[in-house]
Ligand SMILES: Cc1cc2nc3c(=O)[nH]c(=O)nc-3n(C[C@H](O)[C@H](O)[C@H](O)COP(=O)(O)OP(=O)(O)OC[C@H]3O[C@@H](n4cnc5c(N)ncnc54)[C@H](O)[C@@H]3O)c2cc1C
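What follows is one chain in structure tokens, specifically the form predicted alone.
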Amino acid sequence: MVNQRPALIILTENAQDVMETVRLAREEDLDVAVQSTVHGVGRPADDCLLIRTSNMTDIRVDAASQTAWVSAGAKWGHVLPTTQAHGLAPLLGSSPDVGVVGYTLGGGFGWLGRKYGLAADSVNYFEVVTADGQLLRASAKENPDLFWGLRGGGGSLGIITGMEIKLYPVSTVYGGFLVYPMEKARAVLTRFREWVDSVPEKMTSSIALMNLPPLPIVPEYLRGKSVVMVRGCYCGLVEEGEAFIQGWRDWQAPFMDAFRVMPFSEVASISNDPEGPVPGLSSGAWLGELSDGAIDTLLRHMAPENGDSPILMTEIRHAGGVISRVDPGTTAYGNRDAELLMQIVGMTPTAEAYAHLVQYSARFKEDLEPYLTGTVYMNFLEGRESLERVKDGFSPEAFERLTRLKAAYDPENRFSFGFNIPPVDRTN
């Protein structure tokens, strides 16, 4: 999906390698891109020095303090089993294949989000290499301005070599999904709208409209079908979680019921994201409401009469909870007051499919505009949209502050391949 032609690629093993590589880039007058998993590429790493951190996978758990040190290239799939061995859980996302650092820098909203907040809110400190090749610690007490910007502001302020994160005492949850036929989507969406107003913060949930391809990577019972899924993870007493889901079963029996008591180590089974690389494109926005008009628009694009939609999935996640109660001034992350987060995903096996999906997604969101807040969650945006809509990921005050931080820590904009935050012009 992404064609990249860097001038040089360096695989770093530790923080010292990153420091020396950044200094080399300055000497050679090269910009610097950083990738570990190649999820969520905004700007392709062309004509630059590309740092690959995928070899930096050191993870150390301190069970007594309920914290973990995670190096730059680790994926959540590396971290989860290590922490679960101590009965502790990190605030990971839906896919274990996603890199920990990139996910966290953009906010990080996962299946424990409503109870424990964003991954960005659970960082104790970062180790970060700045554009002049220096290694700093950023925390509430050391370089607090940089600490503020890194929590939600993306990777344009420096290169994270590792971070200490908080862990939580979660080892068992009640989670899974219910599957209904697409013909019942309107009724399921309407009920979901009412249901989320009644669930406690221990329940993080979503609803997904899916057009599944007839491919071997799709479970046989879903292959080639269009369905609506209700997904959820309850991190309280199992009996309480089961009671909330039982209401769905009593309302209408799904044709597939995968809710169960599960070890948190199996939380990835809720979303069932592909385990290997898949060519695709992600887009998204914050919904202001799941009104009847919004439901009409969702169904028009996900279940058109001709059955020809290039969208694989449109998922709406229920946010709020602890996320909304954090003082918005404590981190760069924006849109804490929004509660319905939409993601649009499609498969792009060819350049033509990619172009078609970009156009279709744009029309989809244009039709949804009356029901959107006008803001975005940057972790869900890729490609040109990620570069063009970065301001919509933050409050105006936070974005202006980020541009001032950029001028302080990277005035030459060498780290220009992450979130598109330009340094403020100090001459004005």
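So that there is no doubt, residue numbering starts at 1 and follows the sequence shown. Note that the coordinates shown come from a computational prediction; the quantities given were computed from them, not determined experimentally.
Separately, the form predicted in complex with this ligand exists; it is not shown, and the next lines address it.
The putative spot formed by A72, R317 and G418 is fully lined by this ligand in the predicted complex; each residue has a non-hydrogen atom within 4.5 angstroms of it. Shown alone here, H39 lies within 4.5 Å of this ligand in the predicted complex, counting heavy atoms only. In the predicted complex, this ligand sits within 4.5 Å of a heavy atom of G99. Among residues of the shown chain, I160 is one whose heavy atoms approach this ligand to within 4.5 Å in the predicted complex. Under a 4.5 angstroms non-hydrogen atom cutoff, this ligand in the predicted complex has S95 among its neighbouring residues.
Heavy atoms within 4.5 Å of this ligand in the predicted complex are found in one stretch of 232-240, 215-223, 178-186, 150-158, which is 150-158.
This chain lacks the partner; the member of A68, V34, C48, V376 within 4.5 angstroms of this ligand in the predicted complex by a non-hydrogen atom is V34. In terms of contact with this ligand in the predicted complex, the residue from W286, Y116, Y174, Y103 that brings a heavy atom within 4.5 Å is Y103. In the predicted complex, D273 is the single residue of 255-283 with at least one heavy atom within 4.5 Å of this ligand.
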